[in-house]
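Only one chain is shown below, in structure tokens, and it's the form predicted alone.
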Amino acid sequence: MTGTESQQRLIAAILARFRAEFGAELPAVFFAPGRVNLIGAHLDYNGGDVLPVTVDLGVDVAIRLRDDDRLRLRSLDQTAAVDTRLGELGDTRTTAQGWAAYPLGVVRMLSERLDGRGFDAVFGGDLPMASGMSSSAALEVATAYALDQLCGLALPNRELALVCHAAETRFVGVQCGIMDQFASALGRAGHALWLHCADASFEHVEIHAGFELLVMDTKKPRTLASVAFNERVRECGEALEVLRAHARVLPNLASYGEADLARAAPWLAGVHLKRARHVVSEMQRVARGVAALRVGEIAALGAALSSSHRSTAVDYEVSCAELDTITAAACAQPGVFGARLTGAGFGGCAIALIEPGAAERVVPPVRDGFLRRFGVEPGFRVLAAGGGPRRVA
């Protein structure tokens, strides 16, 4: 089945569920993409640069505005149905909202612009859940873009990204950086997004032909990711305070360089040195990756990815045996330029840059070796660079 056929079947399933739940009047359908981050691991909340690319997987929503303030949300992927009203939304999520807290957070951020109108909606997607491909951000962006289009808000996509980030940080309560929402909202077909998280400025960098993106799903849930993520945020904040006290005062951890680490060496040690060293070196790898992407030097880009994985495993300590195994196995195959984990780590997916058409010979040995070691068959998919959010029906 082609990607287009799969998308059409998903939309048909969403529309069928919508009719069953809410009646025959046709809704509009909108799509927002997921993303993989080529390079720039854990830099967004440290004020650094990242290089995500949207993919041809994401979240679709069938949505119809109402004349009252009722909000009725359903999902093909989640069993819980959520019914509430605009006036009942507080400033933070409730346990009863469950999965719907993400779109409801967007509604809360836009509530003053909606003229008291609610909506009926059914969501569905083809992104692997909890895999590091930003399914939650795609859910938010699909909601924001749909409401913007249907309500005539005329907000720029950058503003929609900020709305979605506010929804996740202020309403849902996840202290994430801006990368996921910006990548989904600002994706452009055939381009990566070079995002400067310190000031939310960005540039689209054309992706030249010469590689394909192989996503490798370890099938390991990222059960440690939320707790460990908060730990890394805290540790980086502590490292920043040491550098400000003993090197120089800069706005964020990603602003420092190797000379600053050396200057603060007597006071910066242990876990704080490791976290800071990853951030500083990862900034350098992003710069090399952008330069390589601009001129189509895929081998150099792949080397930066593999170096990034080593740093996230050793200095940032967010990898796991499954991710280390699958990336190493991929890099050992002819036709693979480099590989690294994507997302927060501790499970989920890794990505590999491969020669066009190489997947058929790369996948079998990687899959078989992983299955022998862990007793789980990993998933593989060659993805195309996607675009941004759009109406699809």
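All residue numbers are counted from 1 along the displayed sequence. These numbers were taken from a predicted model, which means no experiment stands behind them.
The same protein has a further form, the form predicted together with a small molecule, not shown here; the description that follows concerns it.
Sole residue of 343, 338, 33, 48 within 4.5 Å of the small molecule in the predicted bound form, by heavy atom
By the 4.5 Å criterion, the partner-contacting residue is 343.
Could you spot which one of 57, 41, 330, 349 gets a heavy atom to within 4.5 Å of the small molecule in the predicted bound form?
Partner contact (heavy atom, 4.5 Å) among the options: 41.
Look up in the predicted bound form whether residue 298 has a non-hydrogen atom within 4.5 angstroms of the small molecule, and give yes or no.
Output for residue 298 is no: heavy atoms all beyond 4.5 Å of the small molecule.
Report whether the minimum heavy atom distance between residue 118 and the small molecule in the predicted bound form is within 4.5 Å.
No, residue 118 sits far enough from the small molecule in the predicted bound form that none of its heavy atoms falls within 4.5 Å.
Contact of residue 313 with the small molecule in the predicted bound form (heavy atom, 4.5 Å):
It does not: once the small molecule is placed as it appears in the predicted bound form, residue 313 has no heavy atom within 4.5 Å of it.
Is residue 194 part of the interface with the small molecule in the predicted bound form - any heavy atom within 4.5 Å?
Residue-level check for residue 194: no, no contact with the small molecule.
Among the candidate stretches 106 to 114, 171 to 179, 248 to 256, 85 to 93, which one is within 4.5 Å of the small molecule in the predicted bound form when only heavy atoms are counted?
Stretch with heavy atoms near the partner: 171 to 179.
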